[in-house]
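Take a look at this single chain in structure tokens; it is the form predicted alone.
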């Protein structure tokens, strides 16, 4: 008995797929901007901050990097309300993505910072630049250039990890695919299409970030 595939039944639900794709892209975009800011700040603290701040950031990084993303998400969405902190599914998902990306970005960027030649920093100091200027103008751009491929890969991993956000009713792409298959009973077709969309989104994000990094962050 042959298997009959009906992709058209799934594609008829294209508004749901489009909405899910837009939500996934939007969550990833916002998480990338905020998560990168967290990562840069924490990397600076781990490299040059006071001892107590290094310890705090180190604990944050170790906790996030050694626990599953879905547990982090469930803790934020289901655990924090017991402490009186309630969030919508979208806010909880975004916060989980930011915290996750921020922790990994911290270590990635720190590796780039520590690879900066000391002579380059000393030369900047001799020009009477303050610590902030040395970091933002001399240390950070070449550091980002060194680690940007790894950073881009981590952002894509976080985007793909957002698929579990559907477990708390965030209407991202996997949520849409699951809803469509429950309506059409075409699970194989629904998730094949979702897979293609995730693949296309990952390729698009990689291309955009590679262009944006060279254009705005560390120059050509």
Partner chain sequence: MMEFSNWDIIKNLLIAARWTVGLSLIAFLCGGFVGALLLVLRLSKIRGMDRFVSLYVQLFQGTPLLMQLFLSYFGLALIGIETTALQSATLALTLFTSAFITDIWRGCVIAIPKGQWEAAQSLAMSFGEQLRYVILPQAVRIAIPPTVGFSVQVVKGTALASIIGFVELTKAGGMISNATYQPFLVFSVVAAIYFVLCFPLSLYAKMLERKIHAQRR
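These numbers were taken from a predicted model, which means no experiment stands behind them. Residue numbers count along the first chain shown, from 1.
The form predicted in complex with its partner chain exists for this protein as well; it is not shown, and the discussion that follows is about that form.
Participant: Although its partner chain is absent from this view, report whether residue 148 comes within 4.5 Å of it in the predicted complex, heavy atoms only.
Facilitator: Close contact is absent here: in the predicted complex, residue 148 is far from its partner chain, nothing within 4.5 Å, heavy atoms only.
Participant: Is there a heavy atom of residue 182 lying 4.5 Å or less from a heavy atom of its partner chain in the predicted complex?
Facilitator: So residue 182 does not count as contacting its partner chain.
Participant: Using 4.5 Å between non-hydrogen atoms, is residue 130 touching its partner chain in the predicted complex?
Facilitator: Result no; residue 130 lies far from its partner chain in the predicted complex.
Participant: Can any non-hydrogen atom of residue 67 be found within 4.5 angstroms of its partner chain in the predicted complex?
Facilitator: Yes, residue 67 sits close enough to its partner chain in the predicted complex that at least one of its heavy atoms falls within 4.5 Å.
Participant: So which of 90-98, 136-144, 114-122, 74-82 is the stretch with heavy atoms within 4.5 Å of its partner chain in the predicted complex?
Facilitator: Only one stretch passes the 4.5 Å heavy-atom test: 74-82.
Participant: Of 37, 192, 53, 29, which one comes within 4.5 Å of its partner chain in the predicted complex, counting heavy atoms only?
Facilitator: That would be 192.
Participant: In the predicted complex, does every one of 63, 163 and 198 come within 4.5 Å of its partner chain, counting any heavy atom?
Facilitator: Affirmative, all three are within 4.5 Å.
Participant: Which residues in 28-46 have a heavy atom within 4.5 Å of its partner chain in the predicted complex?
Facilitator: Heavy-atom contacts within 4.5 Å come from no residue here.
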